[in-house]
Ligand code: GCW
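The data below hold one chain only, encoded as structure tokens and taken in the form predicted on its own.
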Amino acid sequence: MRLNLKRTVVLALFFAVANFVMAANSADGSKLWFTNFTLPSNYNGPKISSVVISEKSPTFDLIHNELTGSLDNLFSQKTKSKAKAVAGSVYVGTFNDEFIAQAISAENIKNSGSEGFVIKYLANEEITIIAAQTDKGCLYGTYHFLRALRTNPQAITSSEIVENPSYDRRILNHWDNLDGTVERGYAGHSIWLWDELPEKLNPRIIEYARANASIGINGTVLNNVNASPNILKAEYLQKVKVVADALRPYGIQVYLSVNFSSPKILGGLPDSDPLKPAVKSWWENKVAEIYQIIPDFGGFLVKANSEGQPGPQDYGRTHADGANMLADALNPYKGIVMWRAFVYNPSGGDRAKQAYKEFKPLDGQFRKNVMIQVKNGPVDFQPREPISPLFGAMEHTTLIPELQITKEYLGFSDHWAYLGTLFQEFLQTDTYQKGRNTTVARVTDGQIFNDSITCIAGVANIGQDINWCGSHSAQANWYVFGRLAWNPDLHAKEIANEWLEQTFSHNTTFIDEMSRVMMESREAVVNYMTPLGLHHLMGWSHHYGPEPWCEIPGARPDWLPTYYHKADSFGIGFNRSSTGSNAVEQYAEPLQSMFDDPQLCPEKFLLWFHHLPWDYTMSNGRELWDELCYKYSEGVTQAERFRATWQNMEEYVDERRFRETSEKLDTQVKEAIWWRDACLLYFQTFSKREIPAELDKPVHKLDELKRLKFDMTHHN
């Protein structure tokens, strides 16, 4: 009876959300990449008229509803539900089904793995099969099938599709606080609405689950890494249970960020020393309580001994001591610990070296269900960074790549910055830790080190705003994270095209023009914010506008831009070469030698690794100062071109989204000029050189820019 009641509630919520979304104005962005449910004009895929679901479960019920509702829209006719496959059917089930088992080869069944799927078109019978080991795999196959119908229908009939995700756990990290605010969130307040739970579930959570399942995301951390201990109180665990129950049919597990001092704060213990039996016992009891309430709970995310957060080092213990204590409590339930490597302190020398210095010596000391979560770069989600040297260096410890979907340092939700190019650049960078072709993706997805569990995480950009992400363009970053988490070998442009077609239009002119904008957009942000390896030039508290001059009395040096650019009368850049902080030694060869030599170092990282004179000669023959001027000006020109391109797209986009995106692009152009002027005018006080005559001159005065005060409340 309980199962039936739960199933009834889930289905009722599905229909309620489906009705809400269908009734909503598609132009408001609320439908995400489900907006354009039309077929391409040159559609040449299968003709679908009926659906057969061969098995029963809440997830199979969702599949049935998703298929019939979507196919009704696509083919402009009522899709029938049948008990037996006929010509024009989509047949969905597991490999245990006799009809499916006869149609799918043993090799493809094996290749689909535990979460993947097979899609096979039987041309003679005109039947499309979607099959997997589990109902969750069938759900992923269903969304892939619907995506292909809308973007590449010929793929369905031309070859058998076999998909298997690269990472076992593909997780969103929400930085949502229990009071409803979202740290580094630029799309409004938290969707969880904690104060209404457990009595009332926000209907948007169902649509959130649907969106995540459609791109293969199978886990979510509900709360901020700067965690409140209160999330582990019984009253909050009941709230978490309601969310977990709603997400479960979509194949999504729930995780929680935990505060390491919880035993002391909640349990009244004298301290939270991880080696003390009372502390271990407290965590064991708390974990048992959680699994009693949420049997498929995923595990804990921990930020410890970083930016003032408590951790095992408070008691003279190591990160391994703390992580292993939690891992032992979770292990009987197959839970995992995701322990963040984002650690640094103001007296630790070069901040870019500190995570490696703390974690590399601990390699091999962590339990198998501990995963070290490492940001893509060694500092902090900058517009461009070299990869963290930890990737590939810890052969005996599973590492989680952590990417930031919310654009903390790339113009928030105001600037069009498609992060697919950033994610792809990072995942496909060769670490050389085990020879050639040991890319970040391959050393973290189990191909190189054969990890028993693999995981990738993205810091979410989702909030209560009607368009979910604060701007229409920012939705693409949620989308591309999911697609690359499923398959890091996909190309960012292919994913951009998919997103554009499903979100806006099939028109080839629109797709070609706007995918070009998307593929250039992140590089434009790098150019007008932090070119040539500059980094962390943003205001020290808000991380939005330019403040390369920022000096705060009493503030930590490593929170200030001057710590990173080190501009002086000689030149500019952070010397991390063998003559400086020697951060280059943390990389494998040939990266170490390449980064160490300014003549060999890729110019995109030049000032990350080197402090060079203003008259240093670049590869194109320009002096460094002039090249900086050209890069900043190029960024402005690119932003202006993006705006002009969008203005030519008006006929392909609804009025509301056209207008709202136009306003964002106006802001981007204005602020690209702000960035250019602030950085060049400030650095000019050290270089004492003129801006090249052929470039546009600053429109602001440096003193005026220094007086600007940024109001964070306008960007939440």
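Numbers follow the displayed sequence, beginning with 1. On a predicted model such as this, the values are computed, not experimentally measured, just so you know.
What follows is about the form predicted in complex with the named molecule, which we do not show.
**Student:** Residues in which of 224-232, 598-606, 249-257, 507-515 have heavy atoms within 4.5 Å of the named molecule in the predicted bound form?
**Tutor:** Contact-bearing stretch, as computed: 224-232.
**Student:** Taking 4.5 Å between heavy atoms as the contact cutoff, choose which of 432, 342, 614, 282 touches the named molecule in the predicted bound form.
**Tutor:** Contact residue from the list: 342.
**Student:** Pick from 375, 565, 384, 170: which has a non-hydrogen atom within 4.5 Å of the named molecule in the predicted bound form?
**Tutor:** So the residue touching the named molecule in the predicted bound form, by this definition, is 375.
**Student:** When the contact criterion is heavy atoms within 4.5 Å, does residue 634 count as touching the named molecule in the predicted bound form?
**Tutor:** Output for residue 634 is no: heavy atoms all beyond 4.5 Å of the named molecule.
**Student:** Contact with the named molecule in the predicted bound form for residue 366, defined as at least one heavy atom pair within 4.5 Å: yes or no?
**Tutor:** Contact check for residue 366: no, nothing within 4.5 Å of the named molecule in the predicted bound form.
**Student:** Does residue 307 reach the named molecule in the predicted bound form, with heavy atoms at most 4.5 Å apart?
**Tutor:** Taking the distances in the predicted bound form, the answer for residue 307 is yes, it comes within 4.5 Å of the named molecule.
**Student:** In the predicted bound form, is there a heavy atom of the named molecule that lies within 4.5 Å of any heavy atom of residue 126, even though the partner is absent here?
**Tutor:** Residue 126: no, not in contact with the named molecule in the predicted bound form.
**Student:** Can you name the residues of 135-151 that have a heavy atom within 4.5 Å of the named molecule in the predicted bound form?
**Tutor:** Read in sequence order, no residue approaches the named molecule (within 4.5 Å, in the predicted bound form).
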